[in-house]
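Just the one chain here, laid out as structure tokens, in the form predicted on its own.
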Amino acid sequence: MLLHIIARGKIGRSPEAELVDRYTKRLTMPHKITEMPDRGGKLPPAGPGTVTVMLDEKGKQLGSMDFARRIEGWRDAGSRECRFLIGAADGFDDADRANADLLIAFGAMTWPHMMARAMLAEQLWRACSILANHPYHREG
């Protein structure tokens, strides 16, 4: 299953970009990052078997194990792509939220969208590690 991060804004050369690169290089599942302009532009078309996860302040706060198990479930059910949408500063509207399969949040605090991208990359790496049965020190 392809892990596809679709994010608004250009990350450029920044500390956040270095973190994203560090963690995506460690991913054991196929992955891709698509950058969109801050405003406008159409999302890449979603093919059959695509799951859409939206990072949103109104989303569920999942632990790393639960996040990994969700990815595992989609993968094992035959999903071909799991796309993770990160909005610009204004986030998403209700119509966008309604089209997502899952809304997640990294806590109740507001995070810059470039930092959210780095945090997502780290959580995807952690999920891949958990699914590969690497010991997880927070389990139990």
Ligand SMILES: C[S@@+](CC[C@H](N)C(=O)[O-])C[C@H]1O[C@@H](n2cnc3c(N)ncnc32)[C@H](O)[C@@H]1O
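Don't overthink the numbering: it's just position in the shown sequence, from 1. In this text, all values refer to a predicted model and were calculated from it rather than measured experimentally.
The protein also exists as the form predicted in complex with this ligand; that form is not presented, and the subsequent description refers to it.
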Does this ligand come within 4.5 Å of any heavy atom of residue 116 in the predicted bound form?
yes
Heavy atom of residue 96 within 4.5 Å of this ligand in the predicted bound form
no
Using a 4.5 Å heavy atom cut-off, state whether residue 107 contacts this ligand in the predicted bound form.
yes
Given that the partner is absent here, does residue 56 sit within 4.5 Å of this ligand in the predicted bound form, heavy atoms only?
yes
Using a 4.5 Å heavy atom cut-off, indicate which stretch of 35 to 43, 107 to 115, 22 to 30, 63 to 71 touches this ligand in the predicted bound form.
107 to 115
Suppose contact means any heavy atom within 4.5 Å; which members of 71 to 92 contact this ligand in the predicted bound form?
85, 86, 87, 88, 89, 90, 91, 92
